[in-house]
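Only one chain comes next, encoded as structure tokens, the form predicted on its own.
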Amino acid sequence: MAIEAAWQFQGLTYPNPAVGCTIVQNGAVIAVGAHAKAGNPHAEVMALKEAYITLSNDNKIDALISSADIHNYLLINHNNIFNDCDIYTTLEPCSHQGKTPSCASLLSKLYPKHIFISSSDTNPEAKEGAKLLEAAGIKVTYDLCSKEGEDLLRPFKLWNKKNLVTYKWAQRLDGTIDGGLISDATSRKRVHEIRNACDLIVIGGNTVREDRPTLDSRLVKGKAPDVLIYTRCKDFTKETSASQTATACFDKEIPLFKIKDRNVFIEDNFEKLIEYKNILIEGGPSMFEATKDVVDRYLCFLAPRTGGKMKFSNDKIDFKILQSTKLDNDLMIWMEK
């Protein structure tokens, strides 16, 4: 349940990992929490907040938003109500004070009975929180559902090591990807949430010319990441500036070119990717083929309808489904090759 909760926020927590936490008392699940966004309370804190309300009938904590405020309230008011609880967390509780207080420090004072950890934290600043727990006399079990925990944590490890490149597309049940809107409003909002957590969007030149996109995250009042337009426009040369190429190959009135403080690169290669950490590629069959050697993960929004004419016609690739979630009427499917 903790892993499932964390996957609901995969792609939204950069530069933090997606993390989930479940709290159990006497065999009954009393709380499930997840980390939703960098700077927001961590998964353990969200679960502890929910569990505290259930166990104490004190709803005052529900009005608290900041992690520090929730930490302080729990430290003052917990009255040892967590002592017979088991806590399952997908990632080792953090040991350091960053944008939020240390979860390991908080747990060591709330003193739950047993903490189960799926993945150890390898971040030099935050690791070894479990040692704080064990030093406080709390029983800790490591590597529970370790494979699933590592699947969940891999994006965080990738953007700390090099970068994370995600390929996203939407299709109908019949495989078609053209013919107007495909995804429902909830899926489109999720894509904007993911864009808001990225620092670069990659898109093909034909898509820019045909769809005339903005490529921002306006549905969540978020940012407009930098854009790399991958094109083999016949007027494009290495000596041509991006502004000249935009005029030669693209209508400069296309909305993505008109956003203030955004960098737009027009290239015939993907060398620019090494300058960014969290990258989202959006496209169809041609872009899928061109980027297959640089993509780490794939994200498909599958709409339960038919229509359109264009389908993926690439060479066969087998995918492993990491997780699927129903968003309103569509399916959101995370995959690896």
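Sequential numbering from 1, following the sequence displayed. As the structure is a prediction and not an experimental result, all values here were calculated from the model.
Heads up, the form predicted in complex with a further copy of the same chain isn't pictured, but that's what we're talking about next.
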task = Could you tell me which stretch in 191 to 199, 257 to 265, 74 to 82, 172 to 180 has residues with non-hydrogen atoms within 4.5 Å of a further copy of the same chain in the predicted bound form?
result = 172 to 180
task = Please state whether all three residues Ala36, Lys49 and Asn59 have a non-hydrogen atom within 4.5 angstroms of a further copy of the same chain in the predicted bound form.
result = no
task = With a further copy of the same chain left out of view, choose which of Ile30, Ala290, Leu64, Ala68 has a non-hydrogen atom within 4.5 angstroms of it in the predicted bound form.
result = Ile30
query = With a 4.5 Å heavy atom cut-off, would you call Phe312 a contact of a further copy of the same chain in the predicted bound form?
reply = yes
query = Though only this chain appears here, would Pro285 touch a further copy of the same chain in the predicted bound form if you measure heavy atom gaps against 4.5 Å?
reply = no
task = Look up in the predicted bound form whether Lys272 has a non-hydrogen atom within 4.5 angstroms of a further copy of the same chain, and give yes or no.
result = no
inquiry  = When the contact criterion is heavy atoms within 4.5 Å, does Leu12 count as touching a further copy of the same chain in the predicted bound form?
reply    = no
ask   = Which residues from 307 to 331 come close to a further copy of the same chain in the predicted bound form, meaning a heavy atom within 4.5 Å?
value = Gly307, Gly308, Lys311, Phe312, Asp315, Lys316, Ile317, Asp318, Phe319, Lys320, Ile321, Leu322, Ser324, Lys326, Asn329, Asp330, Leu331
